[in-house]
Structures are given as structure tokens and as C-alpha cells.
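Single chain ahead, written as C-alpha cells, the form predicted on its own.
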């Protein structure tokens, strides 16, 4: 009873923080003609409510695709339609065709924020609670601490409630998939992840680990017996889920093809803005988009992503344990973020979710990465007027998480799983690797604070207006690349202690 009281307090605190962030500005407020992501979400409600399904993804006189045209899979459109029906009941002006463009009012802002919070309360938060209590080790109090840090991760809160997105829906559905697989409900896990894919196509970042884990598990059980039955059951579940989501578009092949073209807009180029991935960082030295053709950029990106994700996927396929699955989720999503085509700043949230799953196992490394991932989106937060929420939530998360997990005290070489480094780099002298990691953590945090201060307080050089955003993205990129190497080494190292391994399996 006491434990669930603590859980209730945790959830209430997290809801309060989310609502507090939502009281600030939002993406594109008062900035015509396109406004921002807030307007994009409102416009999709307008389109889905007023137009027939067949026109949602097509350019027509009533649906100008150049003005925030729908570019997410059908489940996002259905969610927009549901929100639109509720909005229509409250105030028809919010979704009036054409006339509602750029609509801004305090009542509408309250409504839109409430839709994000309700989605979190129905999907993301319950999945996080169940994961922390059923699939993480430790006492009840430690599980409550894990849940609190999980739900207070600033990156997701600032993007969904400040920049305005519904990432909690797709991430929450993916988390339900992870939870189901961890409990042995493979068909339900496949269905949940299929729904996540049908909400946001970026969930492809997690697709290979789900596929390899389930295939490896089926092969392990024997493809002539139970394994074959499991494989068929999963395949049928995935096909039926996709068919139901795409049903309105399947009667006409041109409809389905148009949806695919909209959700995979390869014409947009290799990268946008200042993203903390390989291509944007490399562009500082080599102007890739000038040197390579668009097709060459696409092929290079595909090849690098495949090479980066293959080792982790093959390891999971041959050793389909839940521990390997969690590590593969981190490695796959980071590989996609660092090397894939058309990456956005907020895509780092797809790597942050699986890292949150490891808060209890590798607290210092998880906290460090989550802090860096929030920092990598700092230019976006500044653009949206979210400086104060960014600073407050980031500082609170850092202090609270390091205290609750005693992350700096419990950071021995064994606890950080650095043994793989000694085996891989056998010529290393007998250095205190744990001490080096701790000092790197301190230096990194101080550097993030200094870069934040200089970005806000100083003007960039006149000939380099993007100097600070580029500096932030390159600095964050080095963290992400190091994290990818670290978690790959951990995945190929010996598994955790016997007690933990028994729990994970």
C-alpha cells in the first residue's frame, strides 16, 4: 500500500512538471505564415475533420501539402481526427476549414496541452509504471526511484509540452511492446510495436531489435515445433494490425503509395538544421551535400546505418535474451540517429527511451546520456522560448537522478561494465577506468553548462551566425558516438550478475 502511494505521488509530481512546462510558450507562437509544430498538430485536426480520408495525404484545393501536410502514418491521422471531434464540441472555430489557420487563444492552448497530457496518462505513464515494477530489479523504493527518474526525463517533457508533439504516444506504444515481450506475451508485444510504427515511422529505429529478438526466440524454440507456431502467430498479428490501420487506403493502390511517399520524403535531403549526428558534424569539415549527389547521399547513409546496426542485431539474433534486447534497442536507435537519412533533432528521443530502460542497470551512463540528449536539443528549446524550463528541468533531473541512484558512488569498473574495454584494448595500461569515466562525466556536465551560458549570453561571430548551434551539435555528437561504442562493447561483454540475468530472462 505504501509503495502504491509513492507511485501515486510520483505520477502526480510528473503531471505537475508536465503541466508547468506547458504554461510557457510553444513552437511558432505568433510567427506567421507557418507558425510551428503546434499549428501543424492543430491543422491536422482541421484537415482530418473536414476532408474525406481519400484527401488527407493528397494535395488539393482544400489541402495544401505545403502548409503542414500530413506526413505521419494513419494512426496519427486517426488520433488527430479524434481530437478534432472533441475540439469541435468545445469550439468549432478551432477546426474550421481554412479559417482556423494560425488560430491562437488561451482556451485552445489549454485544450491542446490537455490532449498531450491525456495521451501520456493513458499510454506512456502506465507503461513506465508497469515496466519499472515488473521488469526492473531492486526493492520497491528503488523501483519508485527508477520510475520517478524515468518520468522526469526532461527531453521528452520539453518536446511534447514545450515544442509540442505527441512523441509520448509512439514511445508509449513501443514501451508497451517492450513490456509485453519482457513478460513473455510476444503476440501482444508485436501488436503494440506495430501500432507504434503506424503512429510514427521513426519507430523503425527500434524495428530491428524487435524483429531479431522474436526471430531468435522462435529459432531457439525450434522452427519445426513451438518456434514455428510462435513465428506464425507473430506474423499474423503484425499483418492484421497493419491491415486494420491502413484499411481506408488499401482499396486504391495509389492511395497507399501516396501515404508512403508522404511519410518517407527522401527529397528533403540528408539532414535538416543542426542535428547532432554524423552527417551534420562531418559537414563542418566536408560539405557533403555539395560533394555527393542526392542518390549517393542516400546510398551512403543506408550503407553506414546498416553497418552500424548489424553487429548488435546479429548478437541479439544469436542470443535472444531480454538483456540483449534492451541493449540492442539502444544500439539500433543510436545507429539510426547517427547515420540514417533525414534525421531531426527530436529523433534522439528514440534512443533516450531504451536508455531509460537501463537506468536501474547502468545509472551513471544512462543519466549522462539522457542529460546530453536534452542538451543536444537546446537550440530548438531556445527558439521556442523554453530557456527557463530547459535549465530548471535539466538541473533537477541531474541532481535528483544522481542522488537517488547514488550514481557517482556506485561507479566502479565492474558496475560500469568496463571489463570489455580491457579485453578489447588489451594493450591498455592498468589505468583506473572508472575514475576516468567519472572525471569525463564532470567535465562533460560543466561543458554543457558553459555552452548553454555562452549560447544565451554571447552573440555569434558575424560571419558565423550558426556558430553556437553547430558547436552544440558537434559536442553532443561526440557523446552519442561514444555511447554507441560503449553499449556495443557492453552487449558483446559478459551478461549481468546471475540474479539480474535470471530476472531479465
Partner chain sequence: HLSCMHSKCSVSVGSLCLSLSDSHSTDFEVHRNWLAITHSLPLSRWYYENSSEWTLDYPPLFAWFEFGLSHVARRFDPDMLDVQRLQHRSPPTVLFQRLSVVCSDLLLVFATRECCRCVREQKPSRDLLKRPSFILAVLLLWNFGLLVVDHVHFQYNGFLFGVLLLSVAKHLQSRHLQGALLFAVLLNLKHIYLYVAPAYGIYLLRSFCFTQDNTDSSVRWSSFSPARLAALGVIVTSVCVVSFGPFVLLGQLPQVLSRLFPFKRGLCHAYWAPNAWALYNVLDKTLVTLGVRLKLLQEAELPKASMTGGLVQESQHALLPSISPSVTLVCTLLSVLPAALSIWLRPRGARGFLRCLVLCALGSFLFGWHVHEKAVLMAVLPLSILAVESREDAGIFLVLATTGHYSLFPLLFTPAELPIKILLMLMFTLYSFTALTSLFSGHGSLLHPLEVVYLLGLVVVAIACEIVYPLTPWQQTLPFLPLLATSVYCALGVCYSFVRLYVILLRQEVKSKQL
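As the structure is a computational prediction, the values presented were derived from the model and not from experiment. Positions refer to the first chain, counted from 1.
One more form of this protein, predicted together with its partner chain, exists but is not displayed; see below.
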Partner contact for residue 264 in the model of the complex: its partner chain, 4.5 angstroms, heavy atom: no
Residue 485 within 4.5 Å of its partner chain in the model of the complex, heavy atoms: no
Its partner chain contact at residue 494 in the model of the complex, heavy atom, 4.5 Å: no
4.5 Å heavy atom contact, residue 141 to its partner chain in the model of the complex: yes
Proximity to its partner chain in the model of the complex, single hit among 303, 282, 396, 257 (heavy atom within 4.5 Å): 396
Listed residue that, although its partner chain is not shown, lies within 4.5 Å of it in the model of the complex (heavy atoms), from 110, 240, 286, 431: 110
Residues 4, 8 and 389 all lining its partner chain in the model of the complex, heavy atom within 4.5 Å: yes
